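Shown next are two forms of a single protein chain, provided one at a time as structure tokens under the names structure 1 and structure 2.
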Structure 1
Amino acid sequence: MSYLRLDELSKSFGETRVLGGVSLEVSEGETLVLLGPSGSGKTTLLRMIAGFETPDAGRIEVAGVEVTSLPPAKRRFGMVFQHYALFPHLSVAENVAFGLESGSAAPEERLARVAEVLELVDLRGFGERRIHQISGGQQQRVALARALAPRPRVLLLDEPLSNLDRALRERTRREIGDTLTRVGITAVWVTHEQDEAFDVGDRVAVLHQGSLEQVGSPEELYLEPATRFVAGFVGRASAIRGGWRDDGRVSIAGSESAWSGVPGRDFEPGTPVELVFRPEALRLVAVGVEGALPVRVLDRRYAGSQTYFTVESSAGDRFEVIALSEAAAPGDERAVLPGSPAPRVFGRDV
């Protein structure tokens, strides 16, 4: 049963269509991540949920009640802003208490709640500090505490980690993720980082050019990308061109081989297609192995736990393969074989 329901939301700014009919459902207590590149419409979608933008069409429901035209202040949603938007003229505690002031809680209840959420984000004893007296990571946690304090129905997070350096970002996203789980709140989290999306999201919705490409668990998105865009945007993708055969296999361009794959849709025999692999799903083997595609090694990139080899087939397809670091050197002739998971098959323009 969905708690937050977005139904056919669309939005244009002037002539530019930013969102075209996006529908999504989020269950109670679930964290849904909106993932997409810049300009995909994810922030606009979040701002619509918050009430800062009005959709041209579509509706938003929470717990079965429509909130589409309700002003932000009346939605009882919490939001963590990209640059935190902490009030610089108020102390940490005053910031956290801000959202409690419009409620009916007695002053001592408010104080108790402020202490409780500061404790929750591990900032006990920071209440009297001014905003400029605490670090970026602490500011981030104050922003989270402030949004959680009024017990919102839904928590919205707009790229909440983008202001932190890499090391702090990884630690903080775990902490926030744990906090969200502990509180059990329904959350919508916007990011353009796949690692972040996979780490914090129960499910991830991938947006591209204002449309929803796929919604699913991180595993589904990685192993079973529904579109060519998802395959390329989520994780690394190696593409090899070919043609769809009537036996349901793909003839590989520039070789005699034919490989199996999972088609994204039905294809007519002879349709030009792409086999899209994860780099770890291709094996580098010696030339002459049956069914293997001969390639030349162009480049070798050592990345610690694994080594990426850029290879090129005789048909001119360039892609990446992961292998042991001593498996080949640039200039070597080798071949590749499909491994597991099986590649996805997408149509391609000729």
Structure 2
Amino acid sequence: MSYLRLDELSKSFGETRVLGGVSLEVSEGETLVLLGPSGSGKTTLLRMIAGFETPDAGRIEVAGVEVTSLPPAKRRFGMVFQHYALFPHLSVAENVAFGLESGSAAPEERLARVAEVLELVDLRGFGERRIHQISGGQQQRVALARALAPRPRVLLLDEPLSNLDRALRERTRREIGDTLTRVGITAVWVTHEQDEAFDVGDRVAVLHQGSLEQVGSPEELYLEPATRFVAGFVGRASAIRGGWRDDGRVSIAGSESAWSGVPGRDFEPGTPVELVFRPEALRLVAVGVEGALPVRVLDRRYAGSQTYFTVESSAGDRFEVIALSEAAAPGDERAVLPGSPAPRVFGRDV
């Protein structure tokens, strides 16, 4: 049963539609990540959940109670901002305690709660330090502790790691993800980084131009993209043009090959389509192998554990294949066959 429910939320600023009829459900204790490119509407959606923006239409419910018209302070949600919003003149403990000042708890209870949440985020013993005395990752954990201190019903995180360098970002997201799991809090996390979304999200909701494209586990989004946008946005994707046949296969453009794929919907025979692959799902083979698509190797990029080959078909489709580094060299003639996971089939404009 859903704990946080968004029903047909819409929002426009002037003539610009930012969100159109977005519906989502988040289970209690689940971390849902809103993933999408800049301008997809994910931050606006988060701000509506928090109460900082009012939807033009739709409703928001928590534990079966509508909160759409409640101001932020009445919702009892915690918020972790992109820029931390910590007070540099206060100590770590004083920053964490700030969210408890308006409550009715006695001073000793507040001190105990501060110590408890600092322990939760692995900052025990840091209470007396000033903000400038701790690292960026530790500052983000202070912001998390401050948001958790009042025991919010839902935790909202808006691009919480965008100010950290790559190595620190990876370490901090695992630390925060582990903390959310230990606390068991319901959380909505906004990011445009796929690795981050896959690392921390129990499920991921992909937004594009104000619409919800797909919601699912990281595995579902990667292996079973529901739309062409999700297939291209999540992970690396290779596309080959073709036409849908009446036997449920795809005739590959510029060749006599016909491959099977998983269609996103039914197509009429002759419909122009794209076969969309993950690079690891294509195999480089010798020219002449039955059913294989002849290609020319354009480029070879060694990336340590994997080697990426850029190849081109006679129809001009360029795409990536992952293979052993010695499988080919630029200029070689080879062929490709589909493997696993199976390609997805999407309609295309002629």
Partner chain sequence: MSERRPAASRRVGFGLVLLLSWLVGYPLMLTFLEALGIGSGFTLEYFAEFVGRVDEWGALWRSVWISAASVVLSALIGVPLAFVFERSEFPGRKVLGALVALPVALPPLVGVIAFLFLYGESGFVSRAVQGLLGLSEPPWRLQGPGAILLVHAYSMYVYFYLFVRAGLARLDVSMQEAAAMLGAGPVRTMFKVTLPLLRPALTGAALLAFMTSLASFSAPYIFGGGFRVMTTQIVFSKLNGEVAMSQVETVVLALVALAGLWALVRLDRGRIEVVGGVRGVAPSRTALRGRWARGSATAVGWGLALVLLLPHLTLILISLVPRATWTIELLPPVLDLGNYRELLAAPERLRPIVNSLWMATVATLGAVALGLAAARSSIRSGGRLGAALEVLLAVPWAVPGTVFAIALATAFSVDAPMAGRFVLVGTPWILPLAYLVRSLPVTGRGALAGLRQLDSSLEEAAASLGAGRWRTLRRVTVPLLKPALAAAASLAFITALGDFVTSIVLYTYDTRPISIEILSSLRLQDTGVAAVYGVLLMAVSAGAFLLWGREEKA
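Keep in mind the model is a prediction, meaning the values are calculated, not measured. Numbering runs along the sequence of structure 1, starting at 1. Between two forms, the rigid core is the largest collection of C-alphas that superpose within 1.5 Å.
- As for origin, structure 2 is the form predicted alone and structure 1 is not.
- The Cα position of R129 differs by 2 Å or more between structure 1 and structure 2 after fitting on the rigid core.
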